[in-house]
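Presented below, as structure tokens, is a lone chain in the form predicted on its own.
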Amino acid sequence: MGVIESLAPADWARQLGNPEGEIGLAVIERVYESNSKSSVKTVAALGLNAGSHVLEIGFGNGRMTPEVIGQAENIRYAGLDISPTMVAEAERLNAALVAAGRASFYLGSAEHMPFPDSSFDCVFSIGVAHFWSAPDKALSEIRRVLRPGGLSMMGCLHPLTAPLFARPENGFYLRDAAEWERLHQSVGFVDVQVQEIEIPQIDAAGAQVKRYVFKMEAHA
């Protein structure tokens, strides 16, 4: 049994929410391997145009950054994550893009973003929104940093098939579609769409499972 497989559910949940050290790196690499196909589809669905400024919230180890930048000419990418371990790893894996000024990685939270108003054409996250204890604050910040008409796209766990450890005491806050729609609208988003999507995944033990997730789109 490997180190990851030996993690207690609460420890696995903690590393998903805020990866730390070598174990955190291993956990997020496993998540990337499990979700890479669906993540590529999400990035393609952003519909980025040449010259777009894009923010990813919770970029993990940054392995999806080249995929984002490769969607169109002259994409400028910024990533925001609460984990110093992930910031360092993403900068390491994307050193050439950082040196070229095409990618930047920041330490911070969705509730308090270090960006001016109307900085981005698109803001997205994959598997992050279910960690927000104050989603109204995070969504309000997302709308603030988006340019008028800009796209917000969030993907998060569905309560129906969420892992047993995805509970508030472990830092997970699951909400239904109606609540997510209400939260988006309450901070001024328009054209809000919350879709239920079924995706195949590999769980912590390496077994194939079916999960449902929410795909949430809205415009500033």
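Residue numbers run from 1 along the displayed sequence. For clarity, every value in this text was computed on a predicted model and none was experimentally measured.
A second form of this protein, the form predicted in complex with a small molecule, is not displayed here; the remarks below concern that form.
Colleague: Only one of these stretches, 92-100, 144-152, 123-131, 67-75, has heavy atoms within 4.5 Å of the small molecule in the model of the complex; which one is it?
Modeller: Correct option: 123-131.
Colleague: Residue-level contact is defined here as any heavy atom of the residue lying within 4.5 Å of the small molecule in the model of the complex; does Pro114 satisfy this criterion?
Modeller: It does not: once the small molecule is placed as it appears in the model of the complex, Pro114 has no heavy atom within 4.5 Å of it.
Colleague: Indicate whether the small molecule has at least one heavy atom within 4.5 Å of a heavy atom of Leu80 in the model of the complex.
Modeller: Because a heavy atom of Leu80 falls inside 4.5 Å of the small molecule in the model of the complex, the answer is yes.
Colleague: Under a 4.5 Å heavy atom criterion, is Met86 part of the interface with the small molecule in the model of the complex?
Modeller: It does: once the small molecule is placed as it appears in the model of the complex, Met86 has a heavy atom within 4.5 Å of it.
Colleague: Decide whether Pro163 counts as a contact residue for the small molecule in the model of the complex under a heavy atom distance cut-off of 4.5 Å.
Modeller: Contact with the small molecule, no.
Colleague: Verify the flagged residues Asn18, Ile28 and Asn35 against the small molecule in the model of the complex: is each one within 4.5 Å by a non-hydrogen atom?
Modeller: Yes, all three are in contact.
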